[in-house]
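Just the one chain here, laid out as structure tokens, in the form predicted on its own.
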């Protein structure tokens, strides 16, 4: 994104976004930095600075602030199959009682990569990454179902991952 486009973001867009999410205040330049890193998490700060109209040092400071505030993470996204995890599943969980306490217990399990409280048929959707079918069975049967408050689960085993992207940009 070029600096002209960065400058064109309206204050109204920023204000409405901030009031909706209650998180840290993000200006147009910070959003542009995030977009640059979504395209390439290894992009040099000097190149980002050129794109957004800041010095390399200023970009470095802003990125560190965004990391410290929990606005973003810079991580290596892997293909689970290539690093030894041959079985993935999305598990729908129905809960009796406090959904948050069950969600907290599931987030503590290393195999549960993604835990979301939902509205609809399930109270929680949990993405589970395992080494094989036996490992998946153990996680679901002996660990997830053993969490107090879990009433039932339904598993959706991944046959093939067609798309995984983190390029949704910013608003």
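Here the structure is a predicted model, which is why all the values come from computation and not from measurement. Numbering follows the first chain given and starts at 1.
Omitted here: the form predicted together with the DNA. The next part is about that form.
- Contact annotation for the candidate site: 141, 148 and 150 all lie away from the DNA in the predicted bound form (no heavy atom within 4.5 Å).
- Screening 66, 129, 125, 58 for any heavy atom within 4.5 Å of the DNA in the predicted bound form leaves a single hit, 58.
- Put simply, of 116, 46, 137, 108 only one has a heavy atom within 4.5 Å of the DNA in the predicted bound form, and it is 46.
- Contact with the DNA, judged by heavy atoms within 4.5 Å in the predicted bound form, is confined among 116-124, 37-45, 99-107, 129-137 to 37-45.
- Contact between residue 54 and the DNA in the predicted bound form is found at the 4.5 Å heavy atom cutoff.
- Residues of 130-153 placing a heavy atom within 4.5 Å of the DNA in the predicted bound form: none.
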